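Have a look below at one chain only, the form predicted alone, in structure tokens format.
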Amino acid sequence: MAAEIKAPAYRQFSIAPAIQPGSMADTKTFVANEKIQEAIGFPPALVDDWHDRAIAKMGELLSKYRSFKVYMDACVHCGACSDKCHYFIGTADPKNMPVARQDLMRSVYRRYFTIPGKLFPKLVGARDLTREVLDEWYNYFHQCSECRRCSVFCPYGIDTAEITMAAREILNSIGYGQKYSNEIIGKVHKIGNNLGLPGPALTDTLEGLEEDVKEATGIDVRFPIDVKGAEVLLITPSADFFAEPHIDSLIGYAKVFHAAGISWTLSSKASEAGNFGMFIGNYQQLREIAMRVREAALDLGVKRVVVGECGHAWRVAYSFWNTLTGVGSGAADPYAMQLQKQLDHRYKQPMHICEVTWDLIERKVIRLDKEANDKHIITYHDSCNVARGSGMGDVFGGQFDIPRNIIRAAANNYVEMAEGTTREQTFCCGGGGGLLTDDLLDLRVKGALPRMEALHNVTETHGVNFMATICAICKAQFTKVLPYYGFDRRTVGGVHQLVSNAIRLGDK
């Protein structure tokens, strides 16, 4: 019988927990089966020569990515990162300290890629890559959400996310992949989105939304799909088509485009903004998923590409699409050059939906009635991939200010959570980085502790009853874990959910 999952108690002071060695040693996410692995080009199961292939893959990554090599050599074990990880705070397992999790790999690196480690392994903390060590990698590198908070506090800028991504890349290369992430990647290749929602079902969903909005507002707000010649191609997380509160943000996007008179479309080919290729550290998967966006943009002849409310999707779009696909600029193959000629470069390519909406608000193209959200006292959760892996607008820190500006334009009551828990120091929701799976629910609940503490504080002191965010994974994670901490799951929602409530609609 599975142990009951309970939320950790709130701490009286935000201090590091007393360590509990091995508390999460038996927490292991499901391993991908042969069918899932083969579908995306990885060995179907752990290969017989896994040791040699793993070391060879590590060597390949060390030679290919200079940052990885620097991160292996640079750490001085100063401890600045130790208490910065939400999973360490929630689980108290010392191997969830970022420095300790890194050392699971760094100790193997020393053994095979440094002279002292080869000659005097025990003196420098070098370890052989045994099956026990490999299992440790699998367990603990799937207890990292790649949120990069620890890197903010590291005096050397060591990025634990890159080390986690490298570990997962090595594990996949020897047939030891995670079921959740790899199954989702397979769905994108086969169907086009993370949920495995086929085109006809997507069309039916959008038609249903048109009917719902018409009934609620009396206005024909369209949710177009595969419309050639539309100005904007919206790439949004597939969760926006499927469940609350995600779908309320999709309604908000549609209302913004309608009120502004902007023609737009979704694509059945690229019906997913998320890109789990980043989570597993695999460049080829990252590129293949991103290429669907370029193909859809070319097929539909759009002038702009806009990304919906998804944290890691925006990081991938902002940081990688230019060189992966030519959405933006950077790729130099003929189809990328064709796309560059097609896109309207008076606008940023790509743009976040928040950039679009804030620009329209500033220019008074759309108007919002703030009183429509008076039932809410709102706070804002900065999603980690937006906060630490992207930007927005023309001003440094726009990824922090633009969503907040929209909220303040759409509502009268806004409260910030505690300093040190927001903006670039924001805590992860606890479910990012490929960990949003129920076989890791105990980890997810514990990992949410720091954010829940900050939310609890503003709830008690200011009566906050709504936490807005612009990430599909954050929304899904919080709707699952909020009840464990005594909150209503409807406490979380999207920024464009608030916009949807407040926007004035005409008959454009």
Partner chain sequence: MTMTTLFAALFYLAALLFSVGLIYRIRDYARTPAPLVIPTTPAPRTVGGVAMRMAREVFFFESLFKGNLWTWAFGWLFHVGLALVLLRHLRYFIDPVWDWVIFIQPFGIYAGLVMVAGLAGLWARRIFVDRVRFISTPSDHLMLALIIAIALSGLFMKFVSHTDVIAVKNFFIGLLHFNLQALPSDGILYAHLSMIATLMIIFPFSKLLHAPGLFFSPSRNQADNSRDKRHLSAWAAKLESGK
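If you're wondering where the values come from, they're calculated on a predicted model, not measured in any experiment. Residue numbers count along the first chain shown, from 1.
The next section is about a form of this same protein that is not shown, the form predicted in complex with its partner chain.
Contact between K35 and its partner chain in the model of the complex is not found at the 4.5 Å heavy atom cutoff.
When its partner chain is considered in the model of the complex, S63 lines it closely, a heavy atom lying within 4.5 Å. Remark: K122 counts among the residues lining its partner chain in the model of the complex, judged by a heavy atom distance of 4.5 Å or less. Proximity of D73 to its partner chain in the model of the complex: non-hydrogen atoms within 4.5 Å are present.
Of the listed positions (H381, R148, H86, H142), a single one reaches within 4.5 angstroms of its partner chain by any non-hydrogen atom in the model of the complex, namely R148. Among the residues D220, E371, E362, D333, the one placing a heavy atom within 4.5 Å of its partner chain in the model of the complex is D333. Comment: 284 to 292 is the region of 246 to 254, 431 to 439, 227 to 235, 284 to 292 lying near its partner chain in the model of the complex, near meaning a non-hydrogen atom within 4.5 Å. Contact with its partner chain in the model of the complex, defined as a heavy atom within 4.5 Å, is made by none of K28, L134 and I170. Contacts with its partner chain in the model of the complex, taken as any heavy atom within 4.5 Å, map within 75 to 96 to C75, V76, H77, C78, G79, A80, S82, D83, K84, F88, P94, K95. Cα of I289 to Cα of A332: at least 3 Å longer in the model of the complex than in the shown structure.
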